Each structure stands twice: as C-alpha cells, then as structure tokens.
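A single chain, nothing else alongside it, follows as structure tokens in the form predicted alone.
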C-alpha cells in the first residue's frame, strides 16, 4: 500500500532507538524526510546515518533533551514546519507512589504531558494552514490499564490523553489528525528497566520476570519496534484521515476487556 506521504517531513522525538526509531524507520521507508532527536549524540548520529543509507531520505539529527525548553527550541529550529509530528520521550522511573517527590512528579509531567502539548501547540497551526498534518503521541498501555509500579507514567500520560481527546476533535475538519499509540510490552531498553524493578520487588531473577511476562501474553511474545513503527506510519498516511483522537492499543492481546 502506498501511504501517500513520500516527500513529507516528520519530526520524530527520541528516535535513536526503541519505538521512536521504529517509527522513524517506517516513515523513512515511505519516503518521508526526517528530523530525529535524542539525548546521546553518538547513538543518534549512527541511527541517522543508517536510515539515510537504507532508505535514501534526508535525515537531520538534533542531539537534545526534548523534554526541556532548550530541546524544544533546537528541534523546532531544525524542523519548524513538520507535516508529521511523533511525540515520544522516555518514561519516568518505576517505584512506590509513597516515594515519589514533588520534583519527580514535575519531571514526569514535563516529559510525558507538557512537552508533547508544547510541540503540538507550536506546529499545529502550520499543519492547519497547509491542510494536512499527522500527530502521533507514543504513550503507554498503562493509560488503558494502569501498571502498579508506574504511577508517575500512569498519571502524566493520562493527562496527555485527556488533552488530546478534546483538541483532536477541534481540528478534525482541517485535515489534521491527532492520535495516540499505546505500546504494551515491547522488547526495548525501557522495558528492561521495568523488569529490573519488578524482579527486585518480587525477589526473583530478571530472566524469570521476562519469561513470566512473555508466557502471560496471548501473543506469546513481546512486540518489536518495527511492527510498532509500521502502525505509526499508517496513522500518518493519507488513508488514516478518518481516525481522530483514538488510543490505539498495541499490546499482544494483554488487555482483556471487550471495549
């Protein structure tokens, strides 16, 4: 299927590895030119070089912390008028809510709620003026079914979800869509941190936690970033203009609800 977005420009945040990179690669495969961000310059440059070589698109790497005002400025200076915006940032640490300080809450909100809102605010009017825009926020399956050790993430990402629910419908008639992708258990560095916390809490090995989690999934395995990225690319395509304000759960069947 031709996604109809070749030649478009995308700003993909936190894209040096994991789910962000999966999204960047899938968009590049459709001929989309990229500006990608991440904090570690060396890793980011290596990713950019790999995508350029593999797909033949323009890729600009911006090493920054996208969760800070300085990071917003650097990313938008490189890509002030994206056609596609993929919001992504590393999640806050796991733990017992009793130990979460005010500063930890503020940092979580800045990364996983306020930064996506700021980037949407600063790019959406250009999309509206051009009559086309796709915004995809990578959130978490915890928005649908909270994860006990991820209280900071549960709260911050749910706040973003509520914001998007209103704004997506307000701009739906302009050719701009906003949707959220909710990853479940994907085989990334991030999930390794969560497994480590769970192993410590349960006094078992990390391998045992991994094995239990995989066995508990109806799919019988963890997801991989490539399949996540292809879902993102479809949401960014010309074929997805009637998908508005949705929370697309990609969790291998883990959530047991009917609705």
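Residue numbers count along the first chain shown, from 1. Computed from a predicted model, the values in this text were never measured in an experiment.
The protein also exists as the form predicted together with nicotinamide-adenine-dinucleotide (NAD); that form is not presented, and the subsequent description refers to it.
You can rule out all but one of 64 to 72, 198 to 206, 230 to 238, 26 to 34: in the predicted bound form, only 64 to 72 has residues with a heavy atom within 4.5 Å of nicotinamide-adenine-dinucleotide (NAD).
Proximity to nicotinamide-adenine-dinucleotide (NAD) in the predicted bound form, defined as a heavy atom within 4.5 Å, singles out one entry of 164, 120, 176, 89, which is 89. Three-residue candidate spot 18, 39 and 140; every residue lies within 4.5 angstroms of nicotinamide-adenine-dinucleotide (NAD) in the predicted bound form by at least one non-hydrogen atom. nicotinamide-adenine-dinucleotide (NAD) in the predicted bound form comes within 4.5 Å of no heavy atom belonging to residue 82. Residue contact with nicotinamide-adenine-dinucleotide (NAD) in the predicted bound form: residue 11 places no heavy atom within 4.5 Å of it. Shown alone here, residue 103 lies farther than 4.5 Å from nicotinamide-adenine-dinucleotide (NAD) in the predicted bound form, counting heavy atoms only. nicotinamide-adenine-dinucleotide (NAD) is not shown here, and in the predicted bound form it never comes within 4.5 Å of any heavy atom of residue 133. Of the residues in 172 to 186, those that come within 4.5 Å of nicotinamide-adenine-dinucleotide (NAD) in the predicted bound form through at least one heavy atom are, in sequence order, 183, 184, 185, 186.
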